[in-house]
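The data below hold one chain only, encoded as structure tokens and taken in the form predicted alone.
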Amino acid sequence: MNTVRVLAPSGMLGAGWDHATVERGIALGADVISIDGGSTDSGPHYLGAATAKTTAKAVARDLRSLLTAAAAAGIPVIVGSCGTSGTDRGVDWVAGIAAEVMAEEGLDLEVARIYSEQDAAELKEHLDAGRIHPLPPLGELTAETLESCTHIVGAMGHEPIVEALRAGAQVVLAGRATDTAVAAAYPLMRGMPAGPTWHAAKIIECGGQCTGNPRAGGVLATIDAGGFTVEPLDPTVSCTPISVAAHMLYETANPFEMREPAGTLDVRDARYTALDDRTVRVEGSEFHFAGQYTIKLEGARITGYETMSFTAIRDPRVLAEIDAWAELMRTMITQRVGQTLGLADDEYAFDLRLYGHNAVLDDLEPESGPPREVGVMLLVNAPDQPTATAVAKVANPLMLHLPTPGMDYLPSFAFASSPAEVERGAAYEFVLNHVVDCDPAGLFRIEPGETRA
């Protein structure tokens, strides 16, 4: 093949798109459809709990759009990071939805599942052998940290996906994968050069985000020996050299380099040229293969149980002294919890955030002056849910009426809900940011050749 065309309908399965844009991509000659099923962007809960942030109905709708179009065109579909975090449960969840869609549509497609979840005991063997290394800012890994995780996944490169395709899979449902590996797998299998392929995969990983209208659906990348072109699937939308180049700023610490399991994409010498008013040509991308293949590990563990309460302040006198008010609130909560519940400071924790007053940037906020209104979020964390809720309930009267230190009247604030306390269940934290030296497919399990999922 002299060229490979990759259709990326959206940045995430379950986010939705106009099916007409997929049909247009097929008409333009797409050779493969690739889409990401999730990431760690939404925090540790989805990995820790092995649940998806998308709904089954939305995933089914999107799979129906892709599977029917791909089956008619005779091209494969690749989904990465199934179920948001790529746990084994997430892969099986998407596979079950795909099976229902194929049964309803009368499709007979071979489906391969690639599992990326890792066993802590097996990883300890890699740790003992010196094959696991930390990434900043984390330090050396311990066996106790591995054992504390509820779920651990490895972020696969393109190799396990290629193995599944070569085994005959028409639909590949992968566990945790790098966002780019999902789009790079098929072109690399067809012999496209690594530099343009990985760069194109990075640019289209989020569908229409590299266009002038990220709300209007996906894009089509055409990769060849010298580079790649990218164009929107919606004919009313445009790509420009700036909109394409700017996507290297997205989710990267360095806009000129991006590390993959096999090596590093280098776009320092990339040239972006407008072929017309909608299509951009990119040349000059390079890929430097690493001396050691590595897989990044992601793991999450429970940190406690959370209860949240939210109120809003419009009283201008309180807002004029909002920092002093917040400090008094923290002191009063600590005192009242000790008095009423008998809890020591180290038996629970809470976070008080003032939305509308430095809650996002904290000390980096450049604006000054009293805010017009402020939303106050209290987030309590405790070893169990009843304790977290009890602390939030103790804080309830303070969240409703606490005056500033100098006020001689009782102000009233506005709770967002009744009851004011919302139990959030288990809270999780990421505790792994490490890589393991291994073979490209050594940590992953492929179940190929299933029909009708």
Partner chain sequence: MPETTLADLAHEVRSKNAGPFWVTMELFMRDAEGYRIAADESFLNESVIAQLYRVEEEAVQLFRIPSLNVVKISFPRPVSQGSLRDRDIHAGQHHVPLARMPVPSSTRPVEESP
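Residue numbers count along the first chain shown, from 1. Given the structure is predicted, the values throughout are model-derived calculations rather than measurements. Between two forms, the rigid core is defined as the largest C-alpha subset superposing within 1.5 Å.
Absent from the display: the form predicted in complex with its partner chain. The rest refers to it.
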For Q385, is any heavy atom within 4.5 Å of its partner chain in the model of the complex, or not?
no
Would P419 sit within 4.5 Å of its partner chain in the model of the complex, counting heavy atoms only?
no
Just to confirm, D108 within 4.5 Å of its partner chain in the model of the complex by heavy atoms?
no
Is T222 close enough to touch its partner chain in the model of the complex, meaning at least one heavy atom pair within 4.5 Å?
no
Work out which of P411, G43, G29, P397 lies within 4.5 Å of its partner chain in the model of the complex, going by heavy atoms.
G43
Its partner chain in the model of the complex has a heavy atom of only one listed residue within 4.5 Å, and of E23, D18, D437, E429 that residue is E429
Which one, 317-325, 71-79, 351-359, 281-289, holds residues whose non-hydrogen atoms are within 4.5 Å of its partner chain in the model of the complex?
351-359
Identify whether its partner chain in the model of the complex is within 4.5 Å of every residue in the set P255, L364 and N433, based on non-hydrogen atoms.
yes
Pick out the residues of 122-152 whose heavy atoms come within 4.5 Å of its partner chain in the model of the complex.
P136, P137, L138
Examine Q170 after superposing the rigid core and state whether its CA is displaced by 2 Å or more between this form and the one not shown.
no
Rigid core superposed, CA of D323 - does it shift 2 Å or more between this form and the one not shown?
yes
Taking the rigid core as reference, does the Cα of A121 move 2 Å or more between this form and the one not shown?
no
